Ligand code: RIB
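Below sits a lone chain in structure tokens, taken as the form predicted alone.
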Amino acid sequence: MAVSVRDVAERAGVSLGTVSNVLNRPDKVSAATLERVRAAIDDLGFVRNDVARTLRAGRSNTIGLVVLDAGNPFFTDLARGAQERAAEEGLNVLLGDSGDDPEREQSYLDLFEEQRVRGVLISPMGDVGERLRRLRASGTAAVFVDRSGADLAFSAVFVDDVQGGRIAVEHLLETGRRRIAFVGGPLGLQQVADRWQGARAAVASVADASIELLETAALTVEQGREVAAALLARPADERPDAVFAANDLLAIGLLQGVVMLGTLRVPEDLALIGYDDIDFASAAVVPLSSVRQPSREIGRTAVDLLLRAADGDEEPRRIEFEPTLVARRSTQA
């Protein structure tokens, strides 16, 4: 039989209210009483029922976070920033990985609604505006992260990815490269589409430069290796002299593919730049140039906006961060 709060109170010789304070407001309890109640909890093996507590209080101490790929270090750092900020408010973060799958994304939103989370942070795969409206109508706030063109009815935190794509390719052009390839996809992801838009705009301003699109099914190391093999299979005069990869995982896969086959040198034959500036970028066999996003700060800021919305602030706020270029060996002339 499950141990109840009443059992803990009887074992510790205190009131139910004192046990509640120990669990929720320990600063209001003397050190001696706190120690006695915690000893009773340990002796009895008491586990608090947060679902029941949420039903009584009407609000949860958890936040739901849905990301496109939890294996991508960018989202790992974003989640870490969100967790750090949530912890400062006594909250926890439940992480859901949609894996670029709209159905899985919807299942996480359903789960978080059932759990009555305080709010939801989401980097969406598809159009989830109507679903988030239903969440908000039931009392669950929502904020978009890493998504600039999201539904304007909700707050959003994002990076100017058009500008990020522009500065990446401008950097390649400044080093003398003229045959650029953009590697990334699917283009249905707004972040990828925006980086592609910025890349094209940079090339359009240089008369003798060209750019081609090599769309991928996903933003992974494996997809980068496949693109590397395809490029190396081309005749030398049909290869690009520079590649802008839509994220660092793709860029690292490209670098690995080129290095393993050993027929092209980076950067002498092929300049390579990625996006996100994950930790692995600087540690690659050829240190990787990248466009940096402030991933942790995005996560922290998103929690701030979510708490505002959860407390009744209905004015949508859009916070845009600027990307920055980090030039390393992979693009040096």
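Note that the structure is predicted; figures quoted are calculated from it, not measured. In this text, residue numbers run from 1 along the sequence as written.
Beyond what is shown, the protein has a form predicted together with the ligand; the following relates to that form.
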Review point. Would residue 154 show up as a contact with the ligand in the predicted bound form if we use heavy atoms at 4.5 Å?
Key: no
Point to revise | Any non-hydrogen atom of residue 223 within 4.5 angstroms of the ligand in the predicted bound form | key: no
Check your understanding: So in the predicted bound form, does any heavy atom of residue 68 sit within 4.5 Å of the ligand?
Key -> yes
Exercise for review: Please check if residue 108 has a heavy atom lying within 4.5 Å of any heavy atom of the ligand in the predicted bound form.
Suggested key: no
Practice item. Just give me the single entry in 189, 128, 203, 135 that has a non-hydrogen atom within 4.5 angstroms of the ligand in the predicted bound form. Key: 189
Check your understanding: Of the options 72, 83, 216, 140, which one has a non-hydrogen atom that comes within 4.5 Å of the ligand in the predicted bound form?
Key -> 72
Practice item. Could you tell me which of 251-259, 173-181, 234-242, 190-198 sits within 4.5 Å of the ligand in the predicted bound form, going by non-hydrogen atoms? Key: 190-198
Study note, to complete from the structure: Applying a 4.5 angstroms cut-off on non-hydrogen atoms, the residues of 14-37 near the ligand in the predicted bound form are none
